[in-house]
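Only one chain comes next, encoded as structure tokens, the form predicted alone.
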């Protein structure tokens, strides 16, 4: 399973303050810690409600540079504003990249689809439209079909798309986890060449002992076909569970990655 480190996200107050203050040491430290813990990609999200579009573009450019001083891990450029994503991509300048994200809104499909078309990048596609997140798995799958139809016209291949079935807190609606899992399962059947991804920690928002909920949901999602997760790679137990799950769903031939992690002393029971 591909791991995208979630910790450089301006929704976290300390991260937002570091970005605004241009505290390179803090951001670089988060990047290095996640890389050392085994993250495959480092997510970079600089957006806050208090910033203008121009300020977010400048912050993204700065943050990409700060992260690259700390690690050579590839990046996930994360924003709901196409111009901010484009700024980050231009500063980053490499093909091994995750664009996070697009949804079924025509304007975003057009803008971000053109950024991904003709490039060998991975593109996160959220199963939602301008009206919001659909309540049922069937409706979410319909938004995925809209997205895929549009993106393929722009030269984006099915293999590049990482569909996010969307995770909402079970503290608000206890049925949400099952809806996400059903959506994920349907996506894998409808688009066998596409990949799936989700932001793991959303499921436990508002509950105590959140890591326990996150880890349990991670294993359930792995079973129904999750290919990538946006999570905290500093959670050593979650990272160990990923290696165990990869064996059990036949994604780790001859258990090589698991055995390597055991020999390196990075597995945690």
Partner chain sequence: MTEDIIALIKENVIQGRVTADDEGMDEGWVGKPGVTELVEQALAENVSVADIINKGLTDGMSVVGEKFESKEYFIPDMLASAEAVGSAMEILEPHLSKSGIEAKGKIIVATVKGDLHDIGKNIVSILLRGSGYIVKDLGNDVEPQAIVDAVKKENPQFVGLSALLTSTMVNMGETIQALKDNGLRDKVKVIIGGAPVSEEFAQSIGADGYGADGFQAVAIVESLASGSGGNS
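Residue numbers count along the first chain shown, from 1. Model, not experiment: these values are computed from the prediction.
As for the form predicted together with the partner chain, it is not shown, yet the points below apply to it.
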For the interface check, one of 187 to 195, 145 to 153, 122 to 130, 90 to 98 should have non-hydrogen atoms within 4.5 Å of the partner chain in the model of the complex; which one?
122 to 130
Among the candidates 169, 199, 117, 74, the residue which, in the model of the complex, approaches the partner chain to within 4.5 Å (heavy atoms)
169
Within a 4.5 Å heavy atom cut-off, is residue 237 in contact with the partner chain in the model of the complex?
no
Is the gap between residue 48 and the partner chain in the model of the complex 4.5 Å or less for some heavy atom pair?
yes
Answer for residue 212 alone: is it within 4.5 Å of the partner chain in the model of the complex, judged on heavy atom distances?
no
Is residue 207 near the partner chain? Define near as a heavy atom within 4.5 Å, in the model of the complex.
yes
